[in-house]
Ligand SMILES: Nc1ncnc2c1ncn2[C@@H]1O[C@H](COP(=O)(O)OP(=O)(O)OP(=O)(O)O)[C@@H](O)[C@H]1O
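There is one chain below, alone, in structure tokens, taken in the form predicted on its own.
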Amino acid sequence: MSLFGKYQDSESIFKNEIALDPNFTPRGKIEFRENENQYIADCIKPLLQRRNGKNLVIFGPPGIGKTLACIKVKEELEEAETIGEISVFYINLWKKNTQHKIILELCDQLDYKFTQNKSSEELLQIVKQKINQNSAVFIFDEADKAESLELLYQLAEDVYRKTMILIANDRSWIYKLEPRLKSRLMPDSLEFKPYKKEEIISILKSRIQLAFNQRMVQQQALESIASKTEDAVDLRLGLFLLRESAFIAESSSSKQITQEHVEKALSKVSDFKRPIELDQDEEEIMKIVNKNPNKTTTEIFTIYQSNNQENKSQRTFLRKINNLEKANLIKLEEVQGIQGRSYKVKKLSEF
């Protein structure tokens, strides 16, 4: 028999594996976020009457549904009869980490293609002109990771009717906003609190119904996954464990996910990587660290500068290094040298 022969006639546990993807958006309401979704909708509501909406800062730890709730509101708004009257923009400010990249993304979402040979200022004027033909909702994810929020101030100043939603992990970030921007936005704040265990079980059951055939997960196995997920304060871990447990069950020709499968999946928790989104500079620095283990920050910066035609400042470089350390991708170890104190860069994980 060939390597794959025994699998050809076997029935898969999975019905729709995509339902276990953290970026999957279920149809219908988002469980246990109805109040939060309504609050977001209330901030947008004035736009439906062609008035200015409320601005909002959403905060809470990763993996508890902040982005999912906003994407759901975006989808419902785009499906409503008001489509064409309200433009909705979603931008991750960690991925689009410069003013020019944000402007290009706005152009792309506006379906404006003539961006070549135009400066950022020229494109921004075009963007504002197009947006001001209607009302607008801006959803800026990972706002606390942005290098600069100057563009947000310009949009807040020059777009007539809008709601700006800023998503952040750090609760104290709102207090660190530049006073000029904060006074212009005057944002409300909305906290997303971690899910309770019974809520996690209910959410996982909903995903199980979408992902698997009937009664594929034993109750004890589900309880174990929910407990681990509650401890981690990250629903994405629960989805990871469900998928891994299913793979293990399938490999043993089991028709059901048992506690034994979950325990084997738990041994792979170290393989679970929360989504880490690096900007272009951070990716470049990580590549340098990978090729040059145990170099100091000064040595890494020298290589980083030599690889770029642009003049990269050491201040920006050190900020990127700190971001990578916060993401647990590197560790900085203090060392004493002839020229005083410096830091050796140690790689903790791949990216």
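Every value quoted in this text rests on a predicted model; they were computed, and no experiment measured them. Quick note: we count residues from 1 along the sequence shown, nothing fancier.
Beyond what is shown, the protein has a form predicted together with the named molecule; the following relates to that form.
Spot the stretch among 215-223, 255-263, 132-140, 67-75 with residues whose non-hydrogen atoms come within 4.5 Å of the named molecule in the predicted complex. Selected range: 67-75.
Heavy atoms within 4.5 Å of the named molecule in the predicted complex: does residue 31 have any? Residue 31: contacts the named molecule in the predicted complex.
Considering non-hydrogen atoms and a 4.5 Å limit, does the named molecule approach residue 17 in the predicted complex? Outside the cut-off, so no.
Evaluate residue 89 for contact with the named molecule in the predicted complex, applying a 4.5 angstroms cut-off between non-hydrogen atoms, and reply yes or no. No, no contact at 4.5 Å.
Heavy atom to heavy atom, is residue 169 within 4.5 Å of the named molecule in the predicted complex? It does: once the named molecule is placed as it appears in the predicted complex, residue 169 has a heavy atom within 4.5 Å of it.
Residue among 207, 228, 96, 161 with a heavy atom within 4.5 Å of the named molecule in the predicted complex: Contact check passes for 207.
Residue (of 185, 149, 203, 232) lying close to the named molecule in the predicted complex, criterion heavy atoms within 4.5 Å: By the 4.5 Å heavy-atom cutoff, the listed residue in contact is 203.
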